[in-house]
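What follows is one chain in C-alpha cells, specifically the form predicted on its own.
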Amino acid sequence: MIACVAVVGHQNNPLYLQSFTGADDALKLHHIVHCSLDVIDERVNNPKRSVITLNESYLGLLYPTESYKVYGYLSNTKVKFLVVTTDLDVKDTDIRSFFRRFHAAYVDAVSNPFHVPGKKIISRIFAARVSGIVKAFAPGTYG
C-alpha cells in the first residue's frame, strides 16, 4: 500500500505532498520524505556513476525504514518524485510504471497556463488523478 507521494522541486522545495494514511502519520511521512532527499543528492552527485545510470530516471529504493520503503524518480528538470510504501515486497517494474503515470500527471498539471513554475501544485484535478493512480496501484497489476 502506498502511504505517501511527494513531488519536490529542483531546489528541494516541496511542490506536492499527499498522505494516504491517518492524519497522525503526516508529519512522520514528511520527515521520511525529507530524509530521502539526502540520498537522492548522494546518488545524483556521485562522480563514479556509469553512463547507464546517468540516463536513468528511476532511482530505486532510497530509504528503507522498519515500516516504510521510499522509492525515487528524478526528471530531466531535476524534479524529484517520491513514493513511500508500506509493502515490503514491491517489484521494481510496478514502481517504475507507477512513476511513469505519476510523472505524466505532473506534466499535465504544470502544463496548465495558470500554474506558476516552482510553486506548490494546488490543482484539485492533479490531486484527484494522483489519488486514482494510488488507488489503482497494487503490486503485480502494472506492467
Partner chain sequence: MANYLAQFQAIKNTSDRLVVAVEDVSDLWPSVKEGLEKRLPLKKASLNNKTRNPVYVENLQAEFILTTDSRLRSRFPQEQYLFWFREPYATIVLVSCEDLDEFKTILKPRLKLIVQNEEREWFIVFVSKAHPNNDQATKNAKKVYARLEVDFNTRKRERCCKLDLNGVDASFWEDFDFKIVESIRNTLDRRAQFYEEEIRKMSEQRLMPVWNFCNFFILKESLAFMFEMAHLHEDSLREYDELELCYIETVSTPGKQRDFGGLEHGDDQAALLKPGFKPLSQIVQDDSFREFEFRQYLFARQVKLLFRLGRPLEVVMRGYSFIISFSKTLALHENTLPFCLREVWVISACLAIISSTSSTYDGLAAPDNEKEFYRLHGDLYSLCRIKFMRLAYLIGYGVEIEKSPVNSASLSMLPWPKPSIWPAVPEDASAKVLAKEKLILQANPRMKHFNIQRKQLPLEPSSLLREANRRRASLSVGNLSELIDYRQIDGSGIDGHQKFSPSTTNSMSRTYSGPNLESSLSLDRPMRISEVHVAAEHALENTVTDPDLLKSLSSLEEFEQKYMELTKGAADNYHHSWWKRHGVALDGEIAALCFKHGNYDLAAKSYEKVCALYAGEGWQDLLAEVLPNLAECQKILNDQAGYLSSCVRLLSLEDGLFLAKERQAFQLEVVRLAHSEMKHPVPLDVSSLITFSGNPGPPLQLCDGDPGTLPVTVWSGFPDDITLESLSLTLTNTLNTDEGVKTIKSSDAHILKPGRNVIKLDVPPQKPGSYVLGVLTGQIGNLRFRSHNFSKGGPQDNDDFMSYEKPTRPVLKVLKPRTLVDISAAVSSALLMNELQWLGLIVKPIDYSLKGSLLSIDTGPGLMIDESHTIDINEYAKTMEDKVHAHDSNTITENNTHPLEPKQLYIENGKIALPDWASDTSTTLWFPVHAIDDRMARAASADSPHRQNMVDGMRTIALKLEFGAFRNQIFERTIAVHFTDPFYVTTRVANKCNDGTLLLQATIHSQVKATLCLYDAWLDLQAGFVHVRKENGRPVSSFFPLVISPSSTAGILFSICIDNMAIAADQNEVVQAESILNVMYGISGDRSNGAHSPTSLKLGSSDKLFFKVAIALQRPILDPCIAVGFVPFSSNCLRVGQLINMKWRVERLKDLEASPSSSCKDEVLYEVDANPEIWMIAGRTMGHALLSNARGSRTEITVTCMPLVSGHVRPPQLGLPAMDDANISCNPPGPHLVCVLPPTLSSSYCIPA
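Given the structure is predicted, the values throughout are model-derived calculations rather than measurements. Positions refer to the first chain, counted from 1.
If you look for the form predicted together with the partner chain, you will not find it shown, but the lines that follow are about it.
S.K.: How about Val83 - does it come within 4.5 Å of the partner chain in the model of the complex, if we only consider non-hydrogen atoms?
M.R.: It does not: once the partner chain is placed as it appears in the model of the complex, Val83 has no heavy atom within 4.5 Å of it.
S.K.: Check whether Ser131 has any heavy atom within 4.5 Å of a heavy atom of the partner chain in the model of the complex, and answer yes or no.
M.R.: Outside the cut-off, so no.
S.K.: Using heavy atoms and a 4.5 Å limit, would one call Leu37 a contact residue for the partner chain in the model of the complex?
M.R.: Judged by the heavy-atom cut-off of 4.5 Å, Leu37 is in contact with the partner chain in the model of the complex.
S.K.: Does any heavy atom of Asn12 come within 4.5 Å of a heavy atom of the partner chain in the model of the complex?
M.R.: Within the cut-off, so yes.
S.K.: Judged by heavy atom distances of 4.5 Å or less, which residues of 100 to 136 approach the partner chain in the model of the complex?
M.R.: The stretch touches the partner through Gly118, Lys119, Lys120.
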